[in-house]
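What follows is a pair of forms of the same protein chain, given separately as structure tokens and numbered structure 1 and structure 2.
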Structure 1
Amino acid sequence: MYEIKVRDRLMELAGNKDVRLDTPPDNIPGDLSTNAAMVYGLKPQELVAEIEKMDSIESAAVVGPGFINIFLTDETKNREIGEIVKAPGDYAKGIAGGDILFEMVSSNPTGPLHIGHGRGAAIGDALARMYEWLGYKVRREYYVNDRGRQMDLLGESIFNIINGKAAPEQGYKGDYIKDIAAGFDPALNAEECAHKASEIILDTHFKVLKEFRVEYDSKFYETDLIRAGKVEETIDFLKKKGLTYKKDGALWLKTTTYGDDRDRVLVKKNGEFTYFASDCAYHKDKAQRHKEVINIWGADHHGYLDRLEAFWEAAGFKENKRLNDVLYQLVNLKRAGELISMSTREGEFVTLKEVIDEVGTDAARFFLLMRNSDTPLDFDVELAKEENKRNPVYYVQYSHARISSVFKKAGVKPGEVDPSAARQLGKEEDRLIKMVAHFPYILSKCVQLNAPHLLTEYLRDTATAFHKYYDTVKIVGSRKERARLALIMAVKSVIKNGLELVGVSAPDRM
């Protein structure tokens, strides 16, 4: 993994600061490029001299206002391909480590999952897979908000239906509510209706998520926090630290001391815990179980982050625990050029299950990961169903299937490829070698930035590089057949591994 080694050395030279590495485009000479000298005010020529001391480096040169282009030895690049061929399923595995908890989706059990929840599930699960690949111990958890006003409205909606009444004005509507209510005993009260309905809905959530290739290690119920006294325990903990005060009959947390724009209520004047109080207790519990916590939440939580981070610091977790919040923007689902409403209460929504059934899990997951999470996403249903190079997931999968067909034509099984043959690779393979070797660095950036879309971009670029290579270079029957089979074996492995990490299949035939 020469690119990681170069990156790490550059970080040392930059005072252990983050350093960006890029693979230059075809029209720019060099195997790697960095702007480290400009970003950190280093002297470019001195940085070049240090870089050239590395065994893997042929040379380095300053370009433009301070970019440094790095040239690796052919031996270094070809050896990288050979190492991948030796253990194709282990490339970049276990190069880091840690302990991390993912909370993702955590939709209120009041209605079916929609495509927006699917985006959160795809982002969270892809990141969890990447962290695991790199060597982290990962736990996926689903937090169940099974109390509060939304649960009351669910119970009232079901209760009214089974008793022949109209749904409450702010209640839940739609066919799914009628279907659930159809099997309920009219003797149930609203609270019992809410509990029973929420369990049915939650069970459906997990079935759909499993079909979406997202599975959980645990569920955590808000009501369990309260029954176990963890909310009261957390409030007492904050009181003892002198971080609370009484005002207007309510108990407040001094979140402004830690950067929030105003203090927040923990206990209402009627004695009821706020959602924030439960979230504080839940995050305290998570911090006691794990070194790092990542929350995958919708953009509607943006205004919630400051108060939660204020609690995290007030509780003393910031010093040795990490809290990361990944917010994702809305998904605009397109059908015949028109956007579809997804209002849960009115029942006018397209469920995640419906999207999976129409375009398949592969396309649904890949499309939901093609943009940065902080950018709204347009999901083109018709494009997701196309079987041609316009469809990004089809294009990437086809590259994997195409490589499989090359091996079949050559009469060679991928496991029979000689790793040492990679030593014969030359300049015509240079671009593809660099793309393959970029895989560990891309994974490291995905987890550093919590940005899984970087991997889908990489897969598309690698597929493009392979298709271009395939169309211009003879592989089977050529003088360098053995070397080129080694190279495309490495390409096949990074594409397969990358697709696995985003939760998409890698077919051998299409």
Structure 2
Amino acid sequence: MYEIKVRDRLMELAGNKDVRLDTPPDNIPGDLSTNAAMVYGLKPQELVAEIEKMDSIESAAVVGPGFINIFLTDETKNREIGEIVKAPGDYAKGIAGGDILFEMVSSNPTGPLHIGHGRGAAIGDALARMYEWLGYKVRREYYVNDRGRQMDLLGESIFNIINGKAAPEQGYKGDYIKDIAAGFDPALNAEECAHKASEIILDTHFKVLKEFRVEYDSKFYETDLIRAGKVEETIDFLKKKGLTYKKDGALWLKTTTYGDDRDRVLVKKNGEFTYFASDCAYHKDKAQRHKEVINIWGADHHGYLDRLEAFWEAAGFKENKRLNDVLYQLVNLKRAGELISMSTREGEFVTLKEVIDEVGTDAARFFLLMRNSDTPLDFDVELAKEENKRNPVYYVQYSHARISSVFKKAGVKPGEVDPSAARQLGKEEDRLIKMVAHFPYILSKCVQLNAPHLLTEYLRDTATAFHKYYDTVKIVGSRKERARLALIMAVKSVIKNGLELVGVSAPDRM
């Protein structure tokens, strides 16, 4: 993990500030580069002298307006490959640590999950996997809003069906509602209908999510929070801090003091808690259980974040706890060149289940992670099903299968590769070696920016680097066969690890 070591040393030299380690452009020689001297006003020559003291480094030089380009020794690069081969499943594991609660999806138990929820699940779960890999303790939690107006409507909708009445004005009318109602005892009242139906819908959500390879550690019910008196407790807590006031018969929280554009109601004038009130209680509970909280939200919730973050600060959690809200833009489904919008307003959904059934979990997860979360995503269903290089999932998986195939041809089991053979690697391998060795840095960037798409991007680039190498160099039967097998073993494991982190399988044959 020479990149991480060099970066950490640079951070020390810069006075424990965040330092970026770059790869120089193709036309400029060097293995690594940094702009640390320019950014922090350090003397480049002094920095160069310090860098050159490191064992792993051959030389360093100041270039252009003050970039420092770094050359690694061949031994450093080759040793990295040898180390990966020694323990392929451990590469970059445990290099950080912490304790994080992830909340993701948390869709109301009133209707099916659609493809947008899939994006949230894919982002949250991939990040959770990465944090775990790096050594964090992670909990995945689903918050269940089993109370309030939407639940009432669900209950009424079902109650009306089993009693032969028309659905309420704003009620739920989908076929799934009729299917659920069909099994219900007509003696149930609306509240019982809501409860039973929501449990059925929630079970279905977890079944679909499991098929999507997202497994939760816990469910957290809003009604439990209320029953345990946590909402009152939180409101009292805020009252005592002098952060609330009465107006128009309701109780308000002064969120504007902390950056919100208007104050928010905690208790309605009819005495009921708002959704926001229980969410405050929920987040207080989260803060008590974990050091760090990451929430994954659809873009349609972004107007809500200011008030939640205002609460977080008002309650005093901001000082020693971290709240991170990751927002993702909506998903459009593309079929035969036509875009189908998934916005809630259109009311026209394609369910997550349908997409999984059509393209498979591998393609669905990879596609939903290919884009930066703050740009809308066009999900091309037909492309996801194609079996050629146009389809990025196949392209990456194919590189893994191809490597397995080379091992078969060589008559060597991947586990039997000699790590020390990597010492023979040379110039032809340089690019691919550096690509492989970039994996820990990419992971650390993904979690630093909560941006899992950097990993799918990296996997595509690594696959490309391998395919190019494969095409120019003969492995089996060459003089450097043993060394090259070590290298492609390292490539194989990085691709496998990376795919595992995004939740996609790495087949040995295709």
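Take the two forms, find the largest set of C-alpha atoms that superpose within 1.5 Å, and that set is the rigid core. Along the sequence of structure 1, residues get numbers from 1 upward. Just so you know, these numbers come straight off a predicted model, no measurement behind them.
Asker: Is the form predicted together with the RNA shown as structure 1 or as structure 2?
Answerer: Comparing the pair, one sees that structure 2 is the form predicted together with the RNA and the remaining one is not.
Asker: Choose from W133, G30, K77, A401 the one placed at the hinge of the motion between the two structures, with one rigid part turning against the other.
Answerer: My reading of the hinge gives K77.
Asker: Can you give me the rotation of the smaller rigid part relative to the larger one between the two structures, rounded to whole degrees?
Answerer: Relative rotation between the rigid parts: 10 degrees.
Asker: How much does the C-alpha of P44 shift between the two structures, in angstrom, given a rigid core superposition?
Answerer: That residue's C-alpha sits 4.1 Å away in the other form.
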